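Take a look at this one chain, the form predicted on its own, written out in structure tokens.
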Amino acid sequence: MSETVKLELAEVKRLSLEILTGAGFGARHAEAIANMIYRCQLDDCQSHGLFRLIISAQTIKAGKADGDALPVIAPDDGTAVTRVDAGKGMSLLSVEAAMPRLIEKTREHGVAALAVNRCFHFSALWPEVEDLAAAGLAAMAMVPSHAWVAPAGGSRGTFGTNPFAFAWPRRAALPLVFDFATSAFARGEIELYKRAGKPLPIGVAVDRDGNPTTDPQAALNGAMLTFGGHKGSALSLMIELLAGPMIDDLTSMESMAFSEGKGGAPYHGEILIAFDPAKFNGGRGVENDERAERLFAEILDQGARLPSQRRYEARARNTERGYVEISEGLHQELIGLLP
């Protein structure tokens, strides 16, 4: 029996839609979620691809998310801020609905922000900033999550995994994009280590008594750690503030309390900030793009890799061969979710 299963690309979308609609998502939410899962799986982002169908189904079953909620975009007040109320729906449909206004506002003001409130969030951030970069904008995105991560020097969950994504547009190449959790590992990665029966690296987590652990289950029962000690901890705190109190939404501690231990995706807000280089570069767009490209070339010349380079290579490979690979165990679990 093989350890992996090959899924044709069309099957990734079909399987996702069938599971999502069967779990209780309306057609628009199911399509938005399936599109995100497809993009992540196409790039071999295993922790945020088909694996995320499990938490999506759990979120509906927990009874707090609304699978039919339609986003409500606040009236345009003439500022550079766009607000959208997800209405306790998943975040993706709200971002999708408000993205055109964010792009328009960024081109008008030079800098603009999108605040998504009252959303459940489970997904990668890089597709959203990559889409903004495809429109010629630089962008960043941030969200809190659940209080799974201890601050530097602490021993209990206070921060979320608190991912941060950034994208830089390029004229003759795919955008430079990175997306990483401020925790040493993403929560989904620890889940995947547990499923594979593999020990975690040192420095990823502590057990419920605050002792270092490489046991994935002990880590899930205890607390995760930030990357880079106090530096990652400070970045995580920044994200808590920018994507929480600043946009009138929940911190990771409040999100965890809201869940009442019922599982599913965290409930909080999201902030995206976009920049129009044309408003900043003094009319010297070509020259400044060339300066950025020289910087990228220097990195590559040393044998280093640009952020997102591996994902783009996976995207090209999987697109050409027409299929992706997932573990057999995950495939069986997904089949079990079918209605």
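Because the structure is predicted, anything quoted here is derived from the model rather than measured. Residue numbers here begin at 1 and follow the sequence given.
Keep in mind that the form predicted in complex with a small molecule is not shown, yet the notes after this line are about it.
Put simply, of 186, 97, 192, 256 only one has a heavy atom within 4.5 Å of the small molecule in the predicted complex, and it is 186. Screening 213-221, 194-202, 119-127, 236-244 for residues having heavy atoms within 4.5 Å of the small molecule in the predicted complex returns a single hit, 119-127. For residue 159, no non-hydrogen atom is located within 4.5 Å of the small molecule in the predicted complex, even though that partner is not displayed.
None of the heavy atoms of residue 89 is located within 4.5 Å of the small molecule in the predicted complex. Put simply, residue 48 is close to the small molecule in the predicted complex: some heavy atom of it is within 4.5 Å.
When contacts are judged by a 4.5 Å heavy atom cut-off, residue 148 counts as touching the small molecule in the predicted complex.
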